[in-house]
Structures are given as structure tokens and as C-alpha cells.
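Just one chain follows, in the form predicted alone, and it is written as C-alpha cells.
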Amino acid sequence: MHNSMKRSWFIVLGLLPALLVYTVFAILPILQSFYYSLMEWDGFSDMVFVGLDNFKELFQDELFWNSMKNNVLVVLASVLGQVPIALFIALLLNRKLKGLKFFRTIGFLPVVLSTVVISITWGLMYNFEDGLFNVFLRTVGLDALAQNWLGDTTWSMPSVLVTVIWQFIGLYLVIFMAALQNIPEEVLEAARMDGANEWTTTWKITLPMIWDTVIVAVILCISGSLKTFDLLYVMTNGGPAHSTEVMALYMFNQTFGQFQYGYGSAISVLIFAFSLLLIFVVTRLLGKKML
């Protein structure tokens, strides 16, 4: 009993530094945002308490709802694009193939690249005059399909979504590969000896055994998508005509562009609440209550 109490105190003492850092750099900024959201403040003059006025204005702000719609598109593209593609590639690479390490490295490469580098590279590829896509289309005689990919409100968001999906496939590929390699080979071998083909083995055994990992990947996907900022800031800065503006980018422009710190904090509070709600709903739909 004495040793157990002593061990518990050591665990608490060991956790204290991490808890302190998390409180200072994560919890306190969130609480500050809640506080600022109730104020009218330009960042320089004295703050004025306005209650829920920032939220009332926000609910009538068409640009905010437009940014939320764009954010939902990013979430959908990420969840329905990154996760299935990464899972499919991971299932293929989980076999005994030659050059497996090479393919894993190539798959993970986009994750280690700077977002600014990715944004500039894809921006050049989308260039109307001499971008890779339009040059290819003109070369094969499909000039009519060449578009101003990032400068046209019709094509700007789909073009950005392609980049978003491509950027993080490697991250989820590594996560799924690690989960697949933890499945005991004896289980798969027993299924094959019972006559199960590859499809049945994958659907009935492999996927259920890594389902918790899939849920974690989906949650990471949602939380990461709702924080999307740097890629769009560099590629389009939310344009043209707000067609690629997401909530984090709108919050940044309102806070540091228009000097409406209270209004920007209200946006951040809604992003926080929306993220929690979305993750809660998704985890319940996937059959796991994690909150």
C-alpha cells in the first residue's frame, strides 16, 4: 500500500511539468479567447465589454458562413480523400514487395516538406500561362480544358482541395502501415487456411483489427482540416472573392487585418465549439464514444 502511494506521487510529479506547459500554452489561450470574445477591442485602446454582441454580429455575417462552408468542404475532402487513399495504399504496401522502403519514403515525402514550399510549387503548377497542368492539356490538344485554376471562383476551391488531399496522404499512410504490421501473421494465415480470399481477409479481419486506428485518423483529419490556414494563406490568401477563405483565415484577417480582436476571438470560439461538435458526432457515428 505504501509503495503504491509512493509510486502514484512519483507519477503525479512526473506529469506536472507537462501539465504546466499544456496549461500555459493550450488551456490559458483558449480561456483568453473566450474572454476577448466578449469585448470590443482593436488591440491598442481599452477594451469595452459588449457581452454577446460579437456573436450576434457573427451569426449575421455572410462571409463567416461562406468561410465555414469552405471549411466543411476541406473536412469532407480530407476525410473522404486522404483516409481512404492512404488506407488503400497501405494495404498494397503491406505485402512483400520489392522496393517497399522506397515507396514508403516517397509516400511520406509531402509530410516533411514545408507548407510554404508545397503552396508555391502547386501554385506554379496551376499557373494559367506556363503551369504544368495547362501545358499538358495544350500539348495533348485539349486547349479548351485549360483553366485559370486559382484565379477562377469556379475552379479555385477544387484546385486547392486537390493539394490538401495530396499533402497529408503520407501521414495517414505511415499510421496505417504501423497498425497493419501489428496484426499477428498467424491470424491472417489461419483465415487463408480456412479458405478466405484476399477480399474476405481484408474486409472481415484486417479492417476490424485496425478500426480504432481508422477512427483516430479520421479525428486527426477533422481537427487538422479545421485548423487549415498556412496552405491557403500562401496559395490564394482566401481569394478570389473569398472563394477559398476558411474560418481560420477569416479569423486572421479580421483580427490582424481589420484590428477587430474581440470579433476575431468570437470566431475562434466558434471554431473551437464547431470542432468539438463535429468530432463528437463523427465518433458517435463510427461507433466509438471517445469524449
Partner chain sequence: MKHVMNSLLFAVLLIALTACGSGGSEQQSEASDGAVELTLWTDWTEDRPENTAYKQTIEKFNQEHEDIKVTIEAIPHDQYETKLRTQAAGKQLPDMFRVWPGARLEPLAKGGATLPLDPIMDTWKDVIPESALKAYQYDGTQYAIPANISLTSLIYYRKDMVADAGFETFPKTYDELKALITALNDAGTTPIALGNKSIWPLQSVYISTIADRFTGSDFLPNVLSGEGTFENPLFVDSLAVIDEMTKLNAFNSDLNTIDESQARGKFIAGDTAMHFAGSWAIGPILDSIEDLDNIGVAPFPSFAGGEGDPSAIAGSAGGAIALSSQLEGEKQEAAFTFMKYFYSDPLYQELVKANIVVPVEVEVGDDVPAVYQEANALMQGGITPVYDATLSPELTDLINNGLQSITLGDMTPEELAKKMQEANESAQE
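Residue numbers count along the first chain shown, from 1. Quick caveat, the model's predicted, so the values are computed rather than measured.
Keep in mind that the form predicted together with the partner chain is missing from the display, and what follows is about it.
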Task: Region of this chain that lies against the partner chain in the model of the complex, out of 84 to 92, 125 to 133, 203 to 211, 189 to 197 [heavy atom, 4.5 Å] - done: 125 to 133
Open item on the list: Between the partner chain and 66, 137 and 143, in the model of the complex, does every residue show a non-hydrogen atom at 4.5 Å or closer?
Closed with: no
Task: The single option of 52, 48, 241, 31 touching the partner chain in the model of the complex, heavy atom within 4.5 Å - done: 241
Task: The unique member of 217, 169, 150, 179 whose heavy atoms fall within 4.5 Å of the partner chain in the model of the complex - done: 150
TODO: Flag residue 35 as yes or no: does it have a non-hydrogen atom within 4.5 angstroms of any non-hydrogen atom of the partner chain in the model of the complex?
DONE: no
- [ ] Classify residue 256 as contacting or not contacting the partner chain in the model of the complex by the rule of any non-hydrogen atom within 4.5 angstroms, answering yes or no.
- [x] yes
TODO: Indicate whether residue 226 is a 4.5 Å heavy atom neighbour of the partner chain in the model of the complex.
DONE: no
Open item on the list: How about residue 222 - does it come within 4.5 Å of the partner chain in the model of the complex, if we only consider non-hydrogen atoms?
Closed with: no
TODO: Within 4.5 Å of the partner chain in the model of the complex, which residues of 217 to 235 have a heavy atom? Give them in sequence order, or say none.
DONE: 227, 234, 235
